[in-house]
Ligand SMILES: C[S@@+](CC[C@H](N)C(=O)[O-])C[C@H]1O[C@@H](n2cnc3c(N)ncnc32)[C@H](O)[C@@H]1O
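Read the single chain below, which is given as C-alpha cells and is the form predicted on its own.
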Amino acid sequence: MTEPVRHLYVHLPFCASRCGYCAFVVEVGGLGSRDDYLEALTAELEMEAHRLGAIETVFLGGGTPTLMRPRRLRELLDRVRPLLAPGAEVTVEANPETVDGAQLVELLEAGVTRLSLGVQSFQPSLLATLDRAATPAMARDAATCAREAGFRSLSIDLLFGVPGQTADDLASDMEAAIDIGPDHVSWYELEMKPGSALAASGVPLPDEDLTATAYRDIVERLEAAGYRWYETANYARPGHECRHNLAYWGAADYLGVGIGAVSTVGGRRWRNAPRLEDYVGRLSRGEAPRRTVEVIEGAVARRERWMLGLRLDAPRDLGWAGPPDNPAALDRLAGLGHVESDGGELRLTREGRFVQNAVLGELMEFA
C-alpha cells in the first residue's frame, strides 16, 4: 500500500506576459478564467484527497500565483488548511510588481509562511534582456513590504549567465541581494529552454569559463554572508532551507494539481495536460484531467535518486540510492578529489560540487 503523500504543489499559471527565457506552462492574460480555474483546482484536490496524509509542505507556483489575488489564494488555502500538519511550510511565488504591503498582509493571514520573490537581476539592462516587468526598485520595495507585513521566511530568485552580463553586473547583483537580507536565495544559471523567445532569438550565452567563474563567485560571496550552500543552486540561512524542494531532492512522493502539474506517487509519475480550457472543462464534468503516465521503478528510480541526491550537500545513503551504474568510476573520482565515500555513504567534495554534472555522468548511464 502506498504511503500517504505529504507534499502538495499547486500550479497557478496566469501571467501578465511571458518572459524571454520562459518555457513553463503559463497562461498569458486570461485573467477572466481565474474563478473557473480555482473551481477546477478544488475539484482535482477533492478527487485526489485520498492520496494525501498530513501535508507538511505546500508550494503555490506558476506562472505568477499572486495574479490570483489574495481572495482566491485565501479560498484555495482554506480548502487545504484542514489537511495541513502542524508547522507546515506554505510557499507562494510572487513577481515584485504584483504585490504591495496590504496584499502581503492578506497572504500572511491566509496561511502563507514563506514568500519567494522572482527578482532575477537588479540590473535594468539584464531585466530588459529577460523581458522582466519589475524594476530593481520594485524588487527592493516588495522585499521591504514582506518584512513589514511579518514574513519570517523570504526567498529571492536570481539568474546568472545572462547574455550581456558582466563581472561588474554580477558583483552588483550579489551586493544588492545581500543588502536585501533574504533568508533564502535561489541563484540559477540561465538555460536556453527550447520554445523560449530567448532561445529563438539566437543570442549566445556567455562563455562557459565565465559562467563557471560566476558560479564560484556566487557560492563564495553568499557563504561569506552566512548562507549555507545546501543545494546546487540554493543557499539558506540556518533553518530556512526550502522544505518543499528538499522533499523533491529526497525523492519523496508529491501530488501536483493544475495544468501541467506533475505528481510522483507510489512509483508512478503523471503530468496533467497543459491546456486550460480542457482542464477546466473536464473537471467541471467530474472527469479527471487529461494526463500522461509513466512508471518510475528499477534502474529509472535508482538513477533519479542519484541525480537528485547529488544536488545536496548532505551525504547520500548508498543503501537508499542503490549502486551506481559505473562503480569503477568511484575510485577515480575519489582520486580526483571529487567524491568521498565510506562504503555506506557517498558525498561530493566541495570541488566535486562545482562539477556535479560531470561526476554524475561518470557514475550513471542516462539515455
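In this text, residue numbers run from 1 along the sequence as written. From a predicted model like this one, the values you see are computed outputs, not experimental measurements.
Same protein, other form: the form predicted together with the ligand, not shown, and the subject of what follows.
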Problem - Candidate stretches 287-295, 251-259, 118-126, 233-241 - the one whose heavy atoms come within 4.5 Å of the ligand in the predicted bound form - result: 118-126
Exercise for the section: State yes or no: in the predicted bound form, is some non-hydrogen atom of residue 22 no more than 4.5 angstroms from a non-hydrogen atom of the ligand? Expected result: yes
Exercise for the section: Would you check, heavy atoms only and a 4.5 Å threshold, whether residue 191 touches the ligand in the predicted bound form? Expected result: yes
Handout entry: Contact flag, residue 141 vs the ligand in the predicted bound form, heavy atom cut 4.5 Å
Key = no
Problem - residue 155: touches the ligand in the predicted bound form, heavy atom cutoff 4.5 angstroms - result: no
Exercise for the section: May I ask you to choose, among 93, 89, 169, 183, the residue with a heavy atom within 4.5 Å of the ligand in the predicted bound form? Expected result: 93
Practice task
Report the residue, out of 159, 265, 76, 108, that has at least one non-hydrogen atom within 4.5 angstroms of the ligand in the predicted bound form.
Solution key: 159
Handout entry: Residues within 4.5 Å of the ligand in the predicted bound form, restricted to 285-311 and counted by heavy atom
Key = none
